[in-house]
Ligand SMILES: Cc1cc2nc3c(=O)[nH]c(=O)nc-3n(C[C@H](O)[C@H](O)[C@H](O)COP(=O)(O)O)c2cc1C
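One chain follows as structure tokens, the form predicted on its own.
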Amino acid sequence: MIDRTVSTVIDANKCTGCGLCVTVCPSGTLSLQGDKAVVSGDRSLSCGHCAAVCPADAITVHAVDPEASRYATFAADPSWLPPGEFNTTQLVRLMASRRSCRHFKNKPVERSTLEDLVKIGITAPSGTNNQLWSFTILPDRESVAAFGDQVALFFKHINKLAENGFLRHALRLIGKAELANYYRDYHQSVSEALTEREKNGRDRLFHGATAAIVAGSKPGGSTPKEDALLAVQNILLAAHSMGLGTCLIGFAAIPLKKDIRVKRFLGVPDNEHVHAVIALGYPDEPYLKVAGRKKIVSRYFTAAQTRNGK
């Protein structure tokens, strides 16, 4: 159950009765009584909109943790940036410049940087502001490698199952084609990666990354996967701005979704869901320009189409 406890407090001595807080409140928690704003509702999203809009600094939302907006590696600017006042060219340049890094330097990432990345991640929106993200930080190469060992064990087992033709065929007949599809698309490449890992220690999973962040969600969220992935995108972009390389490791996320023993190995609670694994480190890849994208054709819907029977 999502906590909607009201923690908003209004200082009546400071309140000017402008009503801005009432206007922006999405849950009807506040109202104007006489010439003052008051807390009149019994539910709150704890979004902090009211405190952010108040010109008299009369509102405090105690559910909001001030430490979540304080960073160790840089000084944040607490002033609001209005729409249209950021350089779109530079924003797109940052987004396009972030590439999936598969060559990392053997250089550790400071824990303070990893913790700041998580804080940056949670500036993302979440469904009904539930903020039920979860993050597990692997702060060093040894921890990443230990996790990699668990992933390798998982895929050794999957590969062994996939090599059983009778099993693949039987599962397909009952509408479960996942194992057959895996065998067709991934068995060979995974087998090669496992062999290289055992013979010469080559890390084709994390590519030598010296840290990782596992992003998930606690139970009760309305859009848990979307919330987590929005936070992940924040982390990816922020990491690039900090001089770090990143790569989403889908093959590392699969065991965390399929095998509870792997979740427990990382200390992820049984009732949490994992949505993404981010490899992190200092990149050893010097690019000269941004890469392009495949052509995309957008689809439009207009109400006029339905009126005209199209």
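Keep in mind the model is a prediction, meaning the values are calculated, not measured. We number the residues from 1 along the sequence you see.
The discussion below concerns the form predicted together with this ligand, not included here.
Only one segment in the set 194 to 202, 72 to 80, 157 to 165, 94 to 102 has residues whose heavy atoms sit within 4.5 Å of this ligand in the predicted bound form; it is 94 to 102.
Within 4.5 Å of this ligand in the predicted bound form, a heavy atom is found for not a single one of Ile137, Arg141 and Phe147.
This chain appears without its partner; in the predicted bound form, the one residue of Val274, Cys47, Cys247, Val39 with a heavy atom within 4.5 Å of this ligand is Cys247. The closest non-hydrogen atom of Phe251 lies within 4.5 Å of this ligand in the predicted bound form. Of the heavy atoms in His207, some are within 4.5 Å of this ligand in the predicted bound form. Remark: Arg293 counts among the residues lining this ligand in the predicted bound form, judged by a heavy atom distance of 4.5 Å or less.
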